[in-house]
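As a starting point, one isolated chain is supplied in structure tokens, in the form predicted on its own.
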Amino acid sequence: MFVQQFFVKGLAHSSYLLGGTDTCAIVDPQRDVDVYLQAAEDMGMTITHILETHLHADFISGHLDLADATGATIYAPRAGNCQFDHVAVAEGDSFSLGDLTLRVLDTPGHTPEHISYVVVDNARGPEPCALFCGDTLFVGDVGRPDLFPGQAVELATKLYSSLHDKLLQLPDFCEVYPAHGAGSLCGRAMGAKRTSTIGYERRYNAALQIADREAFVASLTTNMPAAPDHFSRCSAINAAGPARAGELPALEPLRPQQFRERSQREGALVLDIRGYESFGGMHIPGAYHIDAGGNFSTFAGWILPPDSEILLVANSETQAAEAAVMLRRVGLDRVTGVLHGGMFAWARAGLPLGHVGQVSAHELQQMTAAGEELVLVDVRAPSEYEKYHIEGAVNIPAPDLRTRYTELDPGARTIVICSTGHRSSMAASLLKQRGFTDVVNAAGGMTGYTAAGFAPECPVCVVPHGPRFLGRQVA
């Protein structure tokens, strides 16, 4: 048995090549599938199986493109009622991949249709040696059951059974290969390690230490992190079958006047993906800002209207092409143009400019200490804000500003702060779209504020993916 992991940063998505002797399966593939074709070629293997554990909520899967490229058969949950050509499988089904036997378990909880694949390597022994568990079990965490309105308690109850009655019955040495790692919002607080074993998770996974079913359900249906907007639409896209990559529009370089005309069409938006310091210096008025150096795909799926035509402002057309791939991973398929020559060409064409001021940690501390008249908006998640925040700061998570901006005064001087400056610059762009005239970004965020000695070290910022399930902290 051979296993190769592929990890997509930002989405924190793990997919796998599971190889036998000369054939292999791809488990939970990402949408851009060339990495699997190259890996299989490098190993001298033929891709014959494509295995989906569930209808993913946080990304668009590459199962159809991969099947088109290889002729491989797609295996997907029977309860998913998928609308594309596939083999529908459920508990009790099994199939072979060379010397490997794969057995299907129904493991609902994170989603209603979820399944897991248990692998036996017959060349070595008769016991299960690997588990591809999708989003049922993670390293240090379990899948969240609250993504389907009105079903959270029912799904959490099923998740308890899936874990304790099925997955934890596997041998301690059985290797665990989850579909996500630290940074994903498919769980609450996954560990940074990307694989584990049943025995290690049985002993050290905090969620699995909750032996009482009712307490387990309560823990997973209260105080969960917010779910991005695209979580509510990706599952349906994956079930219906995503558009093929070859059907998606090409990225067209547009000169400034062309770009401006296109951006003024109904349903079009401008997305600036440069660093926040560049966006602050000058940008196209009304543009969204999501720094490509941050958690780009997740926040794009969260805040951008899904049916809009997206026009990019980037440092280069290469960066724009990479961003288009990341946008399509979350179902934003209408990425059609990029500003040729960037903001230099835009400014040289004499077109309007917007700006966001930047303040350092020292400047911010001086302003707050002097009691200057301003509104400080902390746009981090509530869990981050609760660990430590600057006195007087108002907590409104960045994506929520799309609606909660009404709680703020658009005429007041507004300083936005997050952990680094990425989310706060995104928040600044949202406020400027809504008529806020004096918006300033706190460069370096709380990380810089702490480094300057103005705040205690934040355990969430220092170890963002530490074991915090139910408030547990790093020792």
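All figures in this text were calculated on a predicted structure; none of them were measured in a lab. Residue positions are given as counts along the sequence shown, with the first one as 1.
If you look for the form predicted together with another copy of the chain, you will not find it shown, but the lines that follow are about it.
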Practice problem: Flag Phe216 as yes or no: does it have a non-hydrogen atom within 4.5 angstroms of any non-hydrogen atom of another copy of the chain in the model of the complex? | Solution: no
Quiz item: Any chance Ala412 has a heavy atom within 4.5 Å of another copy of the chain in the model of the complex?
Solution: no
Exercise. Mark Tyr177 yes when one of its heavy atoms lies within 4.5 Å of a heavy atom of another copy of the chain in the model of the complex, and no otherwise.
Key: yes
Quiz item: Can Tyr276 be called a contact residue for another copy of the chain in the model of the complex at 4.5 Å between heavy atoms?
Solution: yes
Self-check item: Contacting member of Phe148, Phe173, Phe84, Tyr388, with respect to another copy of the chain in the model of the complex [4.5 Å, heavy atom]
Solution: Phe173
Practice problem: Counting non-hydrogen atoms within 4.5 angstroms of another copy of the chain in the model of the complex, say which of Ser232, Thr101, Thr195, Asn223 makes the cut. | Solution: Thr195
Self-check item: One stretch from 347-355, 321-329, 396-404, 156-164 that, in the model of the complex, holds residues within 4.5 Å of another copy of the chain by heavy atom
Solution: 347-355
Practice problem: Look at the candidate spot formed by Ser96, Leu254 and Gly337 and say whether another copy of the chain comes within 4.5 Å of a heavy atom in all three of them in the model of the complex. | Solution: no
Exercise. Can you tell me which bits of 3-32 touch another copy of the chain in the model of the complex, meaning any heavy atom within 4.5 Å?
Key: Val3, Lys9
